[in-house]
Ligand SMILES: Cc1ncc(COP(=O)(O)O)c(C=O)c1O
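Shown below, as structure tokens, is a lone chain in the form predicted alone; questions about how it binds or moves come after it.
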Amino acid sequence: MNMNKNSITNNKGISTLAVHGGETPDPQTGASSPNIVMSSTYVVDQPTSFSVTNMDDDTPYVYTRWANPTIRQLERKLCLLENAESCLACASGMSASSGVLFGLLNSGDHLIISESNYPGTAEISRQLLPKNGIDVTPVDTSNPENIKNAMRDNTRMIWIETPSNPLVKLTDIHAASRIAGEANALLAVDSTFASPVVTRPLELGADIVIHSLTKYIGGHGDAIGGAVLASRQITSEIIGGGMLHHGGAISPFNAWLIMRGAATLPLRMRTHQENAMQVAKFLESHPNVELVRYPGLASHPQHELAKKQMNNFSGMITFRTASPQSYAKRMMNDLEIVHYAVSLGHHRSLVFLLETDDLISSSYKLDGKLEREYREIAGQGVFRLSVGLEDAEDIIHDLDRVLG
């Protein structure tokens, strides 16, 4: 689906694109805000194919699982924010990831993937892809040499997540794109921790960008969605691979909520970063905190890459304590400002313990060197802290009370 039909072009600043991208006043009513088109079906006045595989840019709206005016507006906005040619908005981040992996990989293909990334994606790659005859090699992609050494003649895709969930590792997108390009493989980047304000992977050589729109782009914790951004050729392959037939269509209402949230994304990301920097420095100086990972800190092992690749350090912090289960229980009972809850990128601060044994056994299936390296960083478990938009002093005071 071509997303270039829009009065706002990508030569504008990112704040302007966030507010106006994909949107135009309603031609009939003059409404300034975009409408929500909730209809599941549309009256057509010309012969139209009943197959989604025959859709093109001029196909009228027929059925919302195939295309919808409100969803189309969101897709156009995301294209402008990521400087992408085409976008597919999906029901969730997992729907977007599944669409890429199952739509572009076939039996006999080889996938290289970050050894620690979003657990849902990790479980697809470890548990489901091999059942479809796809070989999967997890590597520590923070070192490009590991990617290069894992390449095979049948490597079809390299999947990286930067910053990674939950260890906040970075991968050099430009270096990974060179390796992929030399092998005629695709580079897919899950940029959920970053958002388009922080990094635009396509401009650094990536072929595909994946977002969980539920997180920073939506920003308010009230709508689930996902997106794939790439060339029209690649998104057409994903559609042809059955993505729309799998039923992963986003609700128009969720698309509208996420589009509204995206308007303030640049403003929110500035505050997320400002708050996270203060909180990260507090945690780094706290006697009961053993390790802090935040790209904006000089202590982050890839701080120089962060300064080069990220326009904003985002709001995601990982930290480790001794006896993490005890601290987790205190957080559940005693936190007032920060919510002990999963997810991230929302206006409120969220923290959650990701226990190492659980992830190693259920999601990552690591052993040998990769398991040892993960445990060296994570210990018994790490707290993933998504720093929100509250006053930084209040977030710090809340954490200080439970950390002792």
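All residue numbers are counted from 1 along the displayed sequence. Worth saying up front: this structure is predicted, and the values here are computed from it rather than measured.
Just so it is clear, the following notes concern the form predicted in complex with the named molecule, a form of the same protein that is not shown.
Using a 4.5 angstroms limit between non-hydrogen atoms, Arg293 is distant from the named molecule in the model of the complex. The closest heavy atom approach of Lys215 to the named molecule in the model of the complex falls within 4.5 Å. The shortest heavy atom separation between Ala306 and the named molecule in the model of the complex exceeds 4.5 Å. Contact annotation for Ser92: at least one heavy atom lies within 4.5 Å of the named molecule in the model of the complex.
Residues placing heavy atoms within 4.5 Å of the named molecule in the model of the complex fall in a single listed stretch, namely 224-232, out of 224-232, 123-131, 317-325, 262-270. Between the options Glu82, Glu75, Glu115, Glu161, the residue in contact with the named molecule in the model of the complex by a heavy atom within 4.5 angstroms is Glu161. Distance criterion of 4.5 Å from any heavy atom to the named molecule in the model of the complex singles out Asn165 from the list Ser177, Thr199, Asn165, Thr141. Residues from 363-381 do not approach the named molecule in the model of the complex: none has a non-hydrogen atom within 4.5 Å of it.
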